[in-house]
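Just the one chain here, the form predicted alone, laid out as structure tokens.
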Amino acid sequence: MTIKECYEKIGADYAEAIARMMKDERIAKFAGMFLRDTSFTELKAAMETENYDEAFRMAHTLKGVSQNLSFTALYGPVQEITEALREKGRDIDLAKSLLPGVEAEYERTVAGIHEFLQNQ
């Protein structure tokens, strides 16, 4: 599997990523580093403990990372939960309802990256 095929599988924008990072090797390196990012785990934990300020910070971090890596399918739901958790206009019920969608896309992204790395 190539990094381009990985991006297609996870609903990411390869064209945008290659325009930003210029080389497949660089995209692969940063996609691999994404596996060590803890913002999703910390978002989920903060939601469970009702620490919505921390949940917002973690969602915002995950949103930025997703955008920088052109993980489009993940970025969409993360952007939605970030806005639901934003202090001004915070909607906890909406954020809670969005979390499963974020989790599904996060897991799909991680699984695709693992599959790519296993085939290297």
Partner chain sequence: MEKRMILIADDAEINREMLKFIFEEQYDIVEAENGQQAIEILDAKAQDFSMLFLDFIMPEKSGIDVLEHMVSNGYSDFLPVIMITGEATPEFEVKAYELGASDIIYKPFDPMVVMRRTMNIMELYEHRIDIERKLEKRTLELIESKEKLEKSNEFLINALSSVVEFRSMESGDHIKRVKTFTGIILGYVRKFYPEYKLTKEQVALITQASALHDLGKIAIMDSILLKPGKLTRDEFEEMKKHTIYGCEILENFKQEENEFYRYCYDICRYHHERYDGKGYPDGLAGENIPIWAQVVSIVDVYDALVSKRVYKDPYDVNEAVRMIHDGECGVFSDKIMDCFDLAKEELFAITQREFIEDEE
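None of the values given here were measured: they were computed from a predicted structure. Residue numbers count along the first chain shown, from 1.
Missing here is the form predicted in complex with its partner chain; even so, the following discussion is about that form.
Out of 104, 111, 22, 15, which one falls within 4.5 Å of its partner chain in the model of the complex, going by heavy atoms?
Flagged contact: 22.
Counting heavy atoms only and using a 4.5 Å cut-off, do 2, 6 and 11 all touch its partner chain in the model of the complex?
Not a single residue of the candidate spot has a heavy atom within 4.5 Å of its partner chain in the model of the complex.
Check residue 80 for me: does it contact its partner chain in the model of the complex (non-hydrogen atoms, 4.5 angstroms)?
Judged by the heavy-atom cut-off of 4.5 Å, residue 80 is well away from its partner chain in the model of the complex.
Using a 4.5 angstroms cut-off on non-hydrogen atoms, would residue 72 count as touching its partner chain in the model of the complex?
Although its partner chain is absent here, residue 72 would stay clear of it in the model of the complex, with no heavy atoms inside 4.5 Å.
Does its partner chain come within 4.5 Å of any heavy atom of residue 46 in the model of the complex?
So residue 46 does not count as contacting its partner chain.
Quick one: does residue 86 come within 4.5 Å of its partner chain in the model of the complex, counting heavy atoms only?
Heavy-atom contact with its partner chain at 4.5 Å: present for residue 86.
Using a 4.5 Å cut-off on any heavy atom, which residues of 1-39 would contact its partner chain in the model of the complex?
Sequence-ordered list: 16, 19, 20, 21, 22, 26, 29, 30, 33, 34, 36, 37.
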